[in-house]
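Presented below, as structure tokens, is a lone chain in the form predicted on its own.
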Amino acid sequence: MDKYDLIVIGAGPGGYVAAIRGAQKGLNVAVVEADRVGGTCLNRGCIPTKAMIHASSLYREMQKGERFGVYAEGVSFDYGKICDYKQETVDSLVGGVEQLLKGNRITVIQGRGVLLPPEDGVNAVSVGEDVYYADNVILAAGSKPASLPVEGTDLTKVINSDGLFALDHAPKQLVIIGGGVIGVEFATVFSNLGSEVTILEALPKILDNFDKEISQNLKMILKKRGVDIHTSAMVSRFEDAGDDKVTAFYEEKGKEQSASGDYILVAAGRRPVTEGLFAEDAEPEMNGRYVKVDDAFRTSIHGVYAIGDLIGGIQLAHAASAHGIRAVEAICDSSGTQNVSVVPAGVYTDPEIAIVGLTEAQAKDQGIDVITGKFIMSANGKSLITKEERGFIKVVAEAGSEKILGAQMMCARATDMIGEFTTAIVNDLTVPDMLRSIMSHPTYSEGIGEALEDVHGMSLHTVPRPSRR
């Protein structure tokens, strides 16, 4: 009998991290993976998307070099080589994860893992015809692109993000269904490369769960770059339009409209991969389509845990990794090292967007009296040097205690800088606590200090607001 202390189903950012932490804790660990290690994030999500954003943004910047007195003629791109660069990046990281698993003496079982009913109190997992046993199992099967329940989704030219990555050319016209993170990031990539991009979003604004000002500013910037954006646009069907085109029909302001392109990208979110994950009589208690867990990520089955996209909430790679670490800590009866309730989120548009904690509106909805500070990055020296688009940093603090509750950033390097606010929130730091640090000059991070100073109307590089004079 093949028996382990821990079997992890899924080797994505939640699964492989959990496996490594388990091995570091002295557990005998196996990880089951049907595809390449690294999961969606590394192979078909975070990493390839950001690689393409980097390449396409470099192309766009080269075309605008005259702003800095740098002139280049005949600037062009080779989409095939962009894809090669993207794949090279992915392959390098996949190889790194494989070496980490090998170095930590983790058994990698290739195939699709299925949770079986326990046998004599021991959890069981089947992979094909083979059955493996473990005291503990972590379910980390991740998610897949969601489809739309409308006519025409089976058309060849209606694709999801996996299909878009498989293309060997950049579409001349691309219609994107969904103005969430996936939608706006792909809009950034292909508008940078000169594609005509249309976004159809069913909700009243793009990035609907982000701060209203972020959504408004991003919409303005994308439109300025030629992206056609329609909100409150309910898609009803897709049709083959002939001439190698496909059309999306949608209702906007009570009238049927249409948008055509070489391809339609359905970027309407993701759903957990639970089909085939559980054998009969082995399904844990569910919360709708998601696996129900407690604070330590335990399911209703003894010794079985679930993490990441399987459990709902924030569907981010680093959240899944933190879940995996917390689950292993619960298995080993050790104390938690990360606060999994405070998760930063980033959008890799240009400028970048990053958020953590509560927005001002969310805090008020919870009955929390807040004070805020804001700094417009057009007054930041580094932003002026690099000629960034208008951006801002906003901080939300509790009135009275001045404890940091949240931050919203839309500026260069926002996804790197948001960590400073994440650290502040999990450690209950206040505005004065954060202001004890000196920011180096010239840096984008100076904007953090300015936003914090603005809580008291003391930002040095902001014209005083009339109400604070």
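When you see a residue number, it is the position in the sequence shown, counting from 1. Keep in mind that what you see is a predicted model, and the values were worked out from it rather than measured.
The next section is about a form of this same protein that is not shown, the form predicted in complex with nicotinamide-adenine-dinucleotide (NAD).
Chemist: Candidate spot Ala322, Gly357 and Val426, all three in 4.5 Å heavy atom range of nicotinamide-adenine-dinucleotide (NAD) in the model of the complex?
Modeler: Checked in the model of the complex: no contact with nicotinamide-adenine-dinucleotide (NAD) for any of the three.
Chemist: From the list Val125, Val396, Leu101, Val347, which entry has a heavy atom within 4.5 Å of nicotinamide-adenine-dinucleotide (NAD) in the model of the complex?
Modeler: Filtering the options by heavy-atom distance leaves Val347.
Chemist: From the list Val246, Leu265, Ala233, Ile109, which entry has a heavy atom within 4.5 Å of nicotinamide-adenine-dinucleotide (NAD) in the model of the complex?
Modeler: Spelling it out, the residue with a heavy atom inside the cut-off is Ala233.
Chemist: Of the listed stretches (151-159, 255-263, 85-93, 183-191), which one has a non-hydrogen atom within 4.5 Å of nicotinamide-adenine-dinucleotide (NAD) in the model of the complex?
Modeler: Going through the listed ranges, the match is 183-191.
Chemist: Taking any heavy atom pair closer than or equal to 4.5 Å as contact, tell me whether Gly113 reaches nicotinamide-adenine-dinucleotide (NAD) in the model of the complex.
Modeler: Contact check for Gly113: no, nothing within 4.5 Å of nicotinamide-adenine-dinucleotide (NAD) in the model of the complex.
Chemist: Is Leu174 one of the residues lying within 4.5 Å of nicotinamide-adenine-dinucleotide (NAD) in the model of the complex, judged by heavy atom distances?
Modeler: Contact check for Leu174: no, nothing within 4.5 Å of nicotinamide-adenine-dinucleotide (NAD) in the model of the complex.
Chemist: If you check in the model of the complex, is Leu316 within 4.5 Å of nicotinamide-adenine-dinucleotide (NAD), heavy atoms only?
Modeler: Close contact exists here: in the model of the complex, Leu316 approaches nicotinamide-adenine-dinucleotide (NAD) to within 4.5 Å, heavy atoms only.
Chemist: Is Val304 close to nicotinamide-adenine-dinucleotide (NAD) in the model of the complex, meaning a heavy atom pair under 4.5 Å apart or at it?
Modeler: Result no; Val304 lies far from nicotinamide-adenine-dinucleotide (NAD) in the model of the complex.
Chemist: Between 191-212 and nicotinamide-adenine-dinucleotide (NAD) in the model of the complex, list the residues on our side with a heavy atom within 4.5 Å.
Modeler: Counting only heavy atoms within 4.5 Å of nicotinamide-adenine-dinucleotide (NAD) in the model of the complex, the contacting residues of 191-212 are Leu200, Glu201, Ala202, Leu203.
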